[in-house]
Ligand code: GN1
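Before any questions on binding or motion, here is one chain by itself as C-alpha coordinates, the form predicted on its own.
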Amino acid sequence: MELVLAQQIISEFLSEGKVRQIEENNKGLINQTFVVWIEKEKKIKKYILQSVNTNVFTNHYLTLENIIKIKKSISDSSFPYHFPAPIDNKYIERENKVWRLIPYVENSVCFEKNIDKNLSYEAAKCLGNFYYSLRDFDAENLHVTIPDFHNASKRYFQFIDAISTAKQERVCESVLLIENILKEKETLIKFDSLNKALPKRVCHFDTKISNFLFDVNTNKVKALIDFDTLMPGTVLSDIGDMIRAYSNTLGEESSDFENVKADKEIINLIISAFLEGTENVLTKKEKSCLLFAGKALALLQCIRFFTDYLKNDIYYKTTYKKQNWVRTQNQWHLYCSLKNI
(Lines give C-alpha, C1' and ligand atoms only; values in the text may rest on other atoms or scores of the structure.)
Protein backbone atom coordinates (compact mmCIF):
# COMPACT_ATOMS: atom_id res chain seq x y z
CA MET A 1 0.00 0.00 0.00
CA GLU A 2 1.37 3.42 -0.96
CA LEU A 3 1.96 6.02 1.73
CA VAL A 4 0.01 8.62 -0.27
CA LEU A 5 -3.17 6.53 -0.23
CA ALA A 6 -2.66 5.65 3.42
CA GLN A 7 -2.31 9.35 4.26
CA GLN A 8 -5.53 10.18 2.42
CA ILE A 9 -7.42 7.52 4.34
CA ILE A 10 -5.88 8.36 7.72
CA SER A 11 -6.80 12.04 7.25
CA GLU A 12 -10.46 11.03 7.23
CA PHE A 13 -10.10 9.67 10.76
CA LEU A 14 -7.43 11.89 12.34
CA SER A 15 -7.43 15.67 11.91
CA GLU A 16 -3.66 15.74 12.24
CA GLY A 17 -0.91 13.22 11.81
CA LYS A 18 1.56 12.17 9.14
CA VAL A 19 1.98 8.57 8.05
CA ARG A 20 5.61 7.60 8.52
CA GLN A 21 5.49 3.86 7.89
CA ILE A 22 3.03 1.18 6.87
CA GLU A 23 3.40 -2.57 7.04
CA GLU A 24 0.95 -5.23 5.88
CA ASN A 25 -0.13 -7.97 8.27
CA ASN A 26 -0.93 -11.11 6.25
CA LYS A 27 -2.13 -13.29 9.12
CA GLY A 28 -5.88 -12.76 8.69
CA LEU A 29 -7.95 -14.99 6.42
CA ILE A 30 -10.59 -12.45 5.42
CA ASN A 31 -9.77 -8.72 5.72
CA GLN A 32 -6.67 -6.85 4.54
CA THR A 33 -4.79 -5.41 7.50
CA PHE A 34 -1.95 -2.90 7.89
CA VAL A 35 -0.02 -1.56 10.86
CA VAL A 36 0.45 2.20 10.40
CA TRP A 37 2.96 4.44 12.21
CA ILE A 38 1.62 8.00 12.50
CA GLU A 39 3.55 11.01 13.73
CA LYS A 40 1.68 13.72 15.62
CA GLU A 41 3.28 16.48 17.68
CA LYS A 42 6.67 14.77 17.30
CA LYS A 43 5.33 11.54 18.79
CA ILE A 44 4.76 8.37 16.79
CA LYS A 45 1.77 6.17 17.52
CA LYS A 46 0.67 2.95 15.87
CA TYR A 47 -2.78 2.17 14.52
CA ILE A 48 -4.45 -0.68 12.66
CA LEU A 49 -5.74 0.24 9.21
CA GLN A 50 -8.06 -2.36 7.74
CA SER A 51 -9.87 -2.89 4.46
CA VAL A 52 -13.11 -4.77 5.05
CA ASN A 53 -13.75 -7.72 2.73
CA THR A 54 -17.15 -6.63 1.44
CA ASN A 55 -17.56 -9.82 -0.56
CA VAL A 56 -17.69 -11.71 2.73
CA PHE A 57 -19.20 -8.99 4.93
CA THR A 58 -21.85 -7.75 2.54
CA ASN A 59 -23.74 -6.01 5.35
CA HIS A 60 -20.67 -4.22 6.67
CA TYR A 61 -22.48 -1.03 7.67
CA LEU A 62 -24.95 -3.06 9.73
CA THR A 63 -21.90 -4.77 11.22
CA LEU A 64 -20.61 -1.34 12.22
CA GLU A 65 -23.93 -0.55 13.92
CA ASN A 66 -23.60 -3.76 15.93
CA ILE A 67 -20.06 -2.88 16.97
CA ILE A 68 -21.10 0.60 18.06
CA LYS A 69 -23.94 -0.78 20.20
CA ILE A 70 -21.70 -3.33 21.89
CA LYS A 71 -18.92 -0.79 22.34
CA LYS A 72 -21.29 1.47 24.27
CA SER A 73 -22.62 -1.35 26.41
CA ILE A 74 -19.11 -2.68 27.11
CA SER A 75 -17.86 0.78 28.07
CA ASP A 76 -20.73 1.09 30.57
CA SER A 77 -19.86 -2.26 32.14
CA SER A 78 -16.90 -3.53 34.12
CA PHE A 79 -15.30 -5.38 31.18
CA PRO A 80 -11.61 -5.43 32.22
CA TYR A 81 -10.15 -5.80 28.72
CA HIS A 82 -9.59 -3.53 25.73
CA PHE A 83 -12.32 -3.47 23.09
CA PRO A 84 -10.58 -1.76 20.12
CA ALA A 85 -13.52 -0.65 17.97
CA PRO A 86 -13.27 1.55 14.83
CA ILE A 87 -12.17 5.12 15.55
CA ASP A 88 -14.96 7.72 15.23
CA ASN A 89 -17.43 4.84 14.85
CA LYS A 90 -17.15 5.04 11.09
CA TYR A 91 -15.99 3.43 7.86
CA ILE A 92 -14.94 5.32 4.73
CA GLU A 93 -14.71 4.34 1.06
CA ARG A 94 -11.54 4.84 -1.01
CA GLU A 95 -10.24 3.08 -4.11
CA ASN A 96 -13.42 0.94 -4.23
CA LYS A 97 -12.66 -0.40 -0.77
CA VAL A 98 -14.17 0.13 2.67
CA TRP A 99 -11.65 1.22 5.28
CA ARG A 100 -11.59 1.57 9.06
CA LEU A 101 -8.97 2.73 11.55
CA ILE A 102 -8.63 0.85 14.83
CA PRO A 103 -6.59 1.63 17.96
CA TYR A 104 -3.39 -0.36 18.32
CA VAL A 105 -3.10 -2.21 21.63
CA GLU A 106 0.41 -1.47 22.85
CA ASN A 107 2.66 -4.14 24.36
CA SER A 108 0.46 -6.89 23.02
CA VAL A 109 1.15 -9.99 20.99
CA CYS A 110 -1.08 -12.08 18.75
CA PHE A 111 -0.66 -15.85 18.59
CA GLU A 112 -1.66 -17.81 15.50
CA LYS A 113 -2.03 -21.03 17.44
CA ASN A 114 -2.30 -22.12 21.04
CA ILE A 115 1.34 -22.47 22.08
CA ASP A 116 0.68 -22.58 25.84
CA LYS A 117 -2.19 -24.16 27.75
CA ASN A 118 -2.41 -21.11 29.97
CA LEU A 119 -3.38 -19.05 26.92
CA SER A 120 -6.50 -21.20 26.66
CA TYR A 121 -7.43 -20.40 30.23
CA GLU A 122 -6.85 -16.66 29.82
CA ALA A 123 -8.79 -16.40 26.56
CA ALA A 124 -11.72 -18.44 27.86
CA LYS A 125 -11.89 -16.30 30.99
CA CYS A 126 -11.95 -13.16 28.81
CA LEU A 127 -14.75 -14.62 26.71
CA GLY A 128 -16.69 -15.52 29.84
CA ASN A 129 -16.27 -11.98 31.13
CA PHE A 130 -17.52 -10.69 27.78
CA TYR A 131 -20.71 -12.69 28.29
CA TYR A 132 -21.00 -11.52 31.88
CA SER A 133 -20.51 -7.85 30.93
CA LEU A 134 -23.29 -8.11 28.33
CA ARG A 135 -25.66 -10.14 30.48
CA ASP A 136 -28.29 -7.38 30.46
CA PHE A 137 -27.91 -6.47 26.78
CA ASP A 138 -30.79 -7.68 24.61
CA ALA A 139 -29.08 -9.59 21.79
CA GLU A 140 -32.19 -9.22 19.64
CA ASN A 141 -31.21 -5.53 19.26
CA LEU A 142 -28.32 -6.59 17.05
CA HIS A 143 -28.54 -7.06 13.29
CA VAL A 144 -28.09 -10.57 11.91
CA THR A 145 -25.40 -9.53 9.44
CA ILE A 146 -24.51 -13.02 8.24
CA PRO A 147 -27.76 -14.99 8.18
CA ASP A 148 -27.43 -18.68 9.09
CA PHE A 149 -23.73 -18.29 9.88
CA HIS A 150 -23.81 -21.31 12.19
CA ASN A 151 -26.92 -22.89 10.73
CA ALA A 152 -25.67 -26.45 10.48
CA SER A 153 -28.49 -27.59 8.22
CA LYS A 154 -27.78 -24.84 5.72
CA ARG A 155 -24.04 -25.54 5.78
CA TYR A 156 -24.80 -29.21 5.23
CA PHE A 157 -26.92 -28.54 2.15
CA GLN A 158 -24.34 -26.08 0.81
CA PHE A 159 -21.88 -28.93 1.14
CA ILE A 160 -24.18 -31.31 -0.76
CA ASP A 161 -24.64 -28.71 -3.49
CA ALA A 162 -20.89 -28.18 -3.74
CA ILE A 163 -20.37 -31.90 -4.25
CA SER A 164 -22.78 -31.89 -7.19
CA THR A 165 -21.10 -28.93 -8.92
CA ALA A 166 -17.44 -29.50 -8.06
CA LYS A 167 -14.71 -30.47 -10.50
CA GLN A 168 -14.66 -34.23 -10.88
CA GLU A 169 -11.05 -34.59 -9.81
CA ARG A 170 -11.78 -32.91 -6.47
CA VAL A 171 -14.80 -35.10 -5.83
CA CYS A 172 -13.02 -38.34 -6.79
CA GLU A 173 -10.19 -37.80 -4.33
CA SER A 174 -12.71 -37.00 -1.61
CA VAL A 175 -15.19 -39.86 -1.91
CA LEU A 176 -14.31 -41.63 1.34
CA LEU A 177 -14.32 -38.46 3.43
CA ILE A 178 -17.62 -37.37 1.87
CA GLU A 179 -19.19 -40.70 2.85
CA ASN A 180 -17.89 -40.42 6.42
CA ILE A 181 -19.17 -36.87 6.86
CA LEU A 182 -22.63 -37.77 5.58
CA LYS A 183 -22.87 -40.36 8.36
CA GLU A 184 -22.48 -37.63 10.99
CA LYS A 185 -25.59 -35.65 10.07
CA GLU A 186 -27.19 -36.29 13.48
CA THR A 187 -24.55 -34.13 15.16
CA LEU A 188 -25.59 -31.22 12.97
CA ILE A 189 -29.29 -31.82 13.62
CA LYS A 190 -28.68 -31.81 17.39
CA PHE A 191 -26.64 -28.60 17.11
CA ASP A 192 -29.46 -26.77 15.30
CA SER A 193 -32.03 -28.08 17.77
CA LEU A 194 -30.04 -26.79 20.73
CA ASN A 195 -29.52 -23.42 19.06
CA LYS A 196 -33.27 -23.00 18.84
CA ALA A 197 -33.77 -23.92 22.50
CA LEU A 198 -30.96 -22.04 24.25
CA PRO A 199 -31.05 -18.33 25.27
CA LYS A 200 -30.02 -15.77 22.67
CA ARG A 201 -26.88 -13.91 23.67
CA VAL A 202 -24.36 -11.52 22.13
CA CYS A 203 -21.90 -13.79 20.36
CA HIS A 204 -18.48 -13.02 18.94
CA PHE A 205 -18.67 -15.96 16.49
CA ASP A 206 -14.90 -16.07 15.88
CA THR A 207 -13.11 -16.92 19.12
CA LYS A 208 -9.87 -18.28 17.65
CA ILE A 209 -6.71 -17.55 19.64
CA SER A 210 -5.58 -14.84 17.20
CA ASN A 211 -8.62 -12.76 18.13
CA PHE A 212 -7.27 -12.27 21.64
CA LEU A 213 -4.28 -10.01 22.24
CA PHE A 214 -1.95 -11.02 25.06
CA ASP A 215 0.40 -8.94 27.16
CA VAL A 216 3.96 -9.44 25.87
CA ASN A 217 5.32 -9.82 29.40
CA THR A 218 2.64 -11.73 31.31
CA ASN A 219 0.66 -13.58 28.59
CA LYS A 220 -2.53 -12.30 30.22
CA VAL A 221 -5.25 -11.25 27.77
CA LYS A 222 -5.26 -7.51 27.06
CA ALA A 223 -7.94 -7.31 24.39
CA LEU A 224 -10.66 -9.08 22.47
CA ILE A 225 -10.58 -8.06 18.80
CA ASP A 226 -12.20 -8.60 15.37
CA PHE A 227 -15.91 -7.82 15.68
CA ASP A 228 -17.22 -8.36 12.15
CA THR A 229 -19.26 -11.36 13.24
CA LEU A 230 -20.87 -9.88 16.37
CA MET A 231 -24.47 -11.11 16.21
CA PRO A 232 -27.21 -12.72 18.24
CA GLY A 233 -26.47 -16.39 18.85
CA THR A 234 -26.05 -18.96 21.57
CA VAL A 235 -23.18 -19.95 23.79
CA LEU A 236 -22.60 -23.00 21.58
CA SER A 237 -20.98 -20.98 18.81
CA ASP A 238 -18.35 -19.18 20.86
CA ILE A 239 -17.34 -21.85 23.35
CA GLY A 240 -17.63 -24.54 20.69
CA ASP A 241 -15.28 -22.75 18.33
CA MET A 242 -12.87 -22.10 21.17
CA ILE A 243 -12.77 -25.79 22.12
CA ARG A 244 -12.41 -26.74 18.46
CA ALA A 245 -9.55 -24.36 17.81
CA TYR A 246 -7.57 -24.49 21.05
CA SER A 247 -7.70 -28.21 21.80
CA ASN A 248 -6.07 -28.87 18.42
CA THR A 249 -2.52 -28.10 19.52
CA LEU A 250 -1.09 -28.65 16.03
CA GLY A 251 -3.42 -25.99 14.60
CA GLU A 252 -5.89 -26.26 11.74
CA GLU A 253 -3.16 -25.82 9.12
CA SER A 254 -1.27 -28.98 10.11
CA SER A 255 -1.10 -31.82 7.59
CA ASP A 256 0.11 -34.26 10.25
CA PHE A 257 -3.40 -35.68 10.37
CA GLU A 258 -2.70 -38.79 12.44
CA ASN A 259 -1.44 -36.59 15.28
CA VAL A 260 -4.31 -34.12 15.18
CA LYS A 261 -6.02 -34.90 18.49
CA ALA A 262 -8.06 -32.92 20.99
CA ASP A 263 -6.19 -32.13 24.21
CA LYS A 264 -8.49 -33.01 27.15
CA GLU A 265 -6.60 -30.82 29.61
CA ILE A 266 -7.06 -27.77 27.40
CA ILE A 267 -10.76 -28.51 27.03
CA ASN A 268 -11.16 -28.70 30.80
CA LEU A 269 -9.23 -25.44 31.22
CA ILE A 270 -11.45 -23.70 28.66
CA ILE A 271 -14.68 -24.83 30.25
CA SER A 272 -13.61 -24.02 33.81
CA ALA A 273 -12.23 -20.58 32.88
CA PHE A 274 -15.29 -19.73 30.81
CA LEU A 275 -17.62 -20.67 33.65
CA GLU A 276 -15.47 -18.62 36.03
CA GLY A 277 -15.75 -15.59 33.76
CA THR A 278 -19.49 -15.88 33.19
CA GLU A 279 -20.14 -16.30 36.93
CA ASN A 280 -23.87 -17.09 37.31
CA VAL A 281 -25.00 -15.99 33.85
CA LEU A 282 -25.41 -19.34 32.09
CA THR A 283 -28.37 -21.66 32.51
CA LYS A 284 -27.98 -25.28 33.58
CA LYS A 285 -28.84 -26.39 30.03
CA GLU A 286 -26.15 -24.15 28.53
CA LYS A 287 -23.52 -25.50 30.91
CA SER A 288 -24.39 -29.08 29.99
CA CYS A 289 -23.82 -28.45 26.25
CA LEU A 290 -20.34 -26.93 26.26
CA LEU A 291 -18.35 -30.05 25.37
CA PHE A 292 -20.84 -31.06 22.67
CA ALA A 293 -20.47 -27.58 21.18
CA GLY A 294 -16.79 -28.27 20.52
CA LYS A 295 -17.60 -31.48 18.68
CA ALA A 296 -20.28 -29.84 16.58
CA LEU A 297 -18.12 -26.85 15.65
CA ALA A 298 -15.25 -29.12 14.55
CA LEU A 299 -17.60 -30.94 12.18
CA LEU A 300 -19.17 -27.70 11.02
CA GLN A 301 -15.78 -26.15 10.29
CA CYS A 302 -14.70 -29.31 8.49
CA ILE A 303 -17.74 -28.96 6.22
CA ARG A 304 -17.09 -25.25 5.63
CA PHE A 305 -13.48 -25.86 4.59
CA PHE A 306 -14.59 -28.80 2.45
CA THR A 307 -17.33 -26.79 0.75
CA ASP A 308 -14.89 -24.01 -0.08
CA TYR A 309 -12.42 -26.52 -1.48
CA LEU A 310 -15.11 -28.04 -3.71
CA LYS A 311 -16.06 -24.54 -4.88
CA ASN A 312 -12.44 -23.81 -5.87
CA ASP A 313 -11.42 -21.77 -2.82
CA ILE A 314 -13.60 -18.68 -3.08
CA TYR A 315 -14.02 -17.85 0.63
CA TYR A 316 -10.94 -18.66 2.71
CA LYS A 317 -7.58 -17.24 1.70
CA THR A 318 -5.13 -19.88 0.50
CA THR A 319 -1.39 -19.66 0.00
CA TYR A 320 -0.87 -22.97 -1.74
CA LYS A 321 -2.83 -25.47 -3.81
CA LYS A 322 -5.15 -27.81 -1.87
CA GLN A 323 -4.75 -25.86 1.38
CA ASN A 324 -8.50 -26.07 2.06
CA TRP A 325 -8.30 -29.82 1.49
CA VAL A 326 -5.60 -30.02 4.17
CA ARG A 327 -7.74 -27.91 6.51
CA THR A 328 -10.71 -30.17 5.83
CA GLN A 329 -8.88 -33.38 6.74
CA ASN A 330 -7.35 -31.70 9.76
CA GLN A 331 -10.79 -30.78 11.13
CA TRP A 332 -12.19 -34.22 10.37
CA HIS A 333 -9.47 -35.91 12.44
CA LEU A 334 -10.09 -33.41 15.23
CA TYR A 335 -13.82 -34.17 15.16
CA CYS A 336 -13.16 -37.90 15.37
CA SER A 337 -10.91 -37.29 18.37
CA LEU A 338 -13.52 -35.11 20.10
CA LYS A 339 -16.18 -37.77 19.56
CA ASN A 340 -14.17 -40.11 21.79
CA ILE A 341 -13.95 -37.68 24.74
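Since this is a predicted model, take the numbers as computed values, not measurements. All residue numbers are counted from 1 along the displayed sequence.
Beyond the structure shown, there is the form predicted together with this ligand, which is absent from this document and is the topic of what follows.
Trainee: Heavy atoms within 4.5 Å of this ligand in the predicted bound form: which stretch among 236-244, 113-121, 173-181, 160-168?
Mentor: Answer to the contact question: 236-244.
Trainee: Taking 4.5 angstroms as the cut-off for heavy atoms, does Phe306 touch this ligand in the predicted bound form?
Mentor: Because no heavy atom of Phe306 falls inside 4.5 Å of this ligand in the predicted bound form, the answer is no.
Trainee: Find out whether any non-hydrogen atom of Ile146 is located within 4.5 angstroms of this ligand in the predicted bound form, and reply yes or no.
Mentor: Contact with this ligand, yes.
Trainee: Evaluate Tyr316 for contact with this ligand in the predicted bound form, applying a 4.5 angstroms cut-off between non-hydrogen atoms, and reply yes or no.
Mentor: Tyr316: contacts this ligand in the predicted bound form.
Trainee: Taking this ligand as it sits in the predicted bound form, is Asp206 near enough to touch it, meaning that at least one heavy atom pair lies within 4.5 angstroms?
Mentor: Heavy-atom contact with this ligand at 4.5 Å: present for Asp206.
Trainee: Would this ligand be touched by all three of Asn66, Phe79 and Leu224 in the predicted bound form, meaning a heavy atom each within 4.5 Å?
Mentor: No, the whole trio is out of contact, none within 4.5 Å by any heavy atom.
Trainee: Check each of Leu291, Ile48, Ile30, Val281 and return the one that places a heavy atom within 4.5 angstroms of this ligand in the predicted bound form.
Mentor: Among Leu291, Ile48, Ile30, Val281, a heavy atom within 4.5 Å of this ligand in the predicted bound form occurs only for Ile30.
Trainee: Just one of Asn195, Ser254, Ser73, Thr229 has a heavy atom within 4.5 angstroms of this ligand in the predicted bound form, so which one?
Mentor: If I apply the 4.5 Å criterion carefully, the residue I get is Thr229.
Trainee: For 79-115: residues with a non-hydrogen atom within 4.5 angstroms of this ligand in the predicted bound form?
Mentor: Counting only heavy atoms within 4.5 Å of this ligand in the predicted bound form, no residue of 79-115 makes contact.
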